[in-house]
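Listed next as structure tokens is one chain, alone, in the form predicted on its own.
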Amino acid sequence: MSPPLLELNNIGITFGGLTALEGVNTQVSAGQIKAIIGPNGAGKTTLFNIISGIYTPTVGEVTLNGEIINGQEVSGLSPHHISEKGITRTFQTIRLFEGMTVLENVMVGQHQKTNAGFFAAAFRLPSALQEEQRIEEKAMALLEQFDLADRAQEVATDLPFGLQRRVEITRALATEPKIILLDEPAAGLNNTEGHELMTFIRKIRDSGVTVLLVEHDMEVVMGLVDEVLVLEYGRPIADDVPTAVQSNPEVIRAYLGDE
């Protein structure tokens, strides 16, 4: 059996004496779509911030392909270097570049893959122009792959909200990640947009990118993912397939309260 792509070992973090996460252990296998759910304040986004290198855990470690990338006993990699290793993410609030087209937004996502230096770019040397052409072609190929090519020349922030979300995710995919972290991708979407997003995320997985998402929309979660990690007050209370999580008494209590 192959080792997990991403592994969280005994992750915990405190802020000024307040425990935000404690004893979080989970694995994400290559090719999976996995969700992290829980009531408000459960620590879901904090966990994403640890995986992506924004926070260093007080205890525990994060490994990617068996390599420790963040943890108590190591000098955690910066978010930039973690991205280079193969983890990218989106945030709850859409962060597209205003005034730039869909194509230009996705091209920006490849900035860490460029080789041309400042001098070559500033003076428009042939090497820089060739690289810019390569980046544009790669971005256009991504837009075609994810059914956004017909919007390539439109201003990204003028698109309907659901399409803006898909553009943002496509820009993240331009970094060529092994795993993408999606923080509440269905937030603000209507029912139609939500179902389109589910199809979109499946296409991401089918393209070879593993998906880990935080999501409140249970229809999206239960209809999309392979496994679910449930947090309550920063502690894991379930980590299983969706059907088992739905019937778990601890999960029901966390969401609905005691009888």
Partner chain sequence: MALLTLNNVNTFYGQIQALKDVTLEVNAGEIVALVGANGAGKTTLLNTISGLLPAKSGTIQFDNQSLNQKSAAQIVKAGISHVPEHRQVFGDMTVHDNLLLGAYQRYRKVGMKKVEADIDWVYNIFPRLKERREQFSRTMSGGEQQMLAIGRGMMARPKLMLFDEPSLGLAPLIVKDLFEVISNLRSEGMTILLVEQNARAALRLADRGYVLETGSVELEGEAEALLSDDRVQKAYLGG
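Keep in mind it's a predicted model, so treat the numbers as computed, not measured. Residue numbers count along the first chain shown, from 1.
FYI, the form predicted in complex with its partner chain isn't displayed, but the following is about it.
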*its partner chain: the contacting residue among I68, A30, M222, V59 in the model of the complex [heavy atom, 4.5 Å]*: M222
*asked:* Based on heavy atom distances of 4.5 Å or less, which listed stretch (194-202, 59-67, 22-30, 210-218) is in contact with its partner chain in the model of the complex?
replied: 210-218
*asked:* Check Q246 for me: does it contact its partner chain in the model of the complex (non-hydrogen atoms, 4.5 angstroms)?
replied: yes
*Q145 near its partner chain in the model of the complex, any heavy atom under 4.5 Å?*
no
*A152: heavy atom within 4.5 Å of its partner chain in the model of the complex?*
no
_Can you tell me whether K44 touches its partner chain? I mean in the model of the complex, with a 4.5 angstroms heavy atom cut-off._
yes
*Out of 50-66, which residues reach within 4.5 Å of its partner chain in the model of the complex, heavy atoms considered?*
none
